[in-house]
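Quick setup: one chain, the form predicted alone, written in structure tokens, and binding and motion questions come after.
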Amino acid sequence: MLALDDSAIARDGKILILAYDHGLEHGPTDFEGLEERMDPQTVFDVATHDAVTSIAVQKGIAEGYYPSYEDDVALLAKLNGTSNLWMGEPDSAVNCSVEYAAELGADAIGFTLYGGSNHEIEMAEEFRDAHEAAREYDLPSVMWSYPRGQGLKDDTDPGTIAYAARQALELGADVAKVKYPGSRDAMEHAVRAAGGPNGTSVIMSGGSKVSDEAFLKNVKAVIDAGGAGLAVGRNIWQRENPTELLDALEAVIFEEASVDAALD
């Protein structure tokens, strides 16, 4: 594993990735009610907040917008992704090479793996190639480790999420992005499954928009369980004033403040 303490995508070993790959994965529906967020510049502006350690985008967004922000936020280049128009067994097209991500100025690469999908073997082999190429550039690899597929009964089961964290460790990812498993104890289990302090860093996926308090309580549980932070999109840029929640997240993640103190 690469040491993240000195990495461009972490601060004191903690991580807050602002995810903005939703336009490909979900389409324009994620911007309904706040359509100005369809303009990537508005989200890059949000990403300049001190709490954000990197912004995760697909290569087209990186090409068009990152040059204006390269001094303000680290770039996590998402290498694969598939539209919500795809109706087959979960899979993710490789849209960008590590070499091109490095040319764009990426500080890390992101890659989705759908463990349990009929396409898992192919995706794992694609991750192998990306991971080994990223090592040539000293770029950390962040795995979107999402068990999914027709044979999987419950992708939110704590055991399944712990397996996702372990899969990321076994395949060499520096960071595993997993769904929140529902409790601090379950998150501790996922962190242990990922190898503990010397293994793969585990971060929570932000998911759909919820209240500030509910979201912060989940993030606090992740930090208290030994997790490294989170990757969050909709819970930030779907808000009218994203700065308020980012201020609170900075307190919880980097200062280990209580939820009440962060909300104040």
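From 1 onward, residues are counted along the sequence shown. What you are looking at is a predicted structure, and each value in this text was computed from that prediction instead of being measured.
Missing here is the form predicted together with another copy of the chain; even so, the following discussion is about that form.
Taking the partner from elsewhere, G23 is found to have a heavy atom lying within 4.5 Å of another copy of the chain in the predicted complex.
In the predicted complex, another copy of the chain sits within 4.5 Å of a heavy atom of M38.
Within this chain, N84 lines the site of another copy of the chain in the predicted complex, having a heavy atom no more than 4.5 Å away. Contact annotation for N198: at least one heavy atom lies within 4.5 Å of another copy of the chain in the predicted complex.
If you check another copy of the chain in the predicted complex, you find a heavy atom from every one of M1, A124 and R128 within 4.5 Å. Note on the interface: of 44-52, 224-232, 210-218, 60-68, the segment with non-hydrogen atoms within 4.5 angstroms of another copy of the chain in the predicted complex is 60-68.
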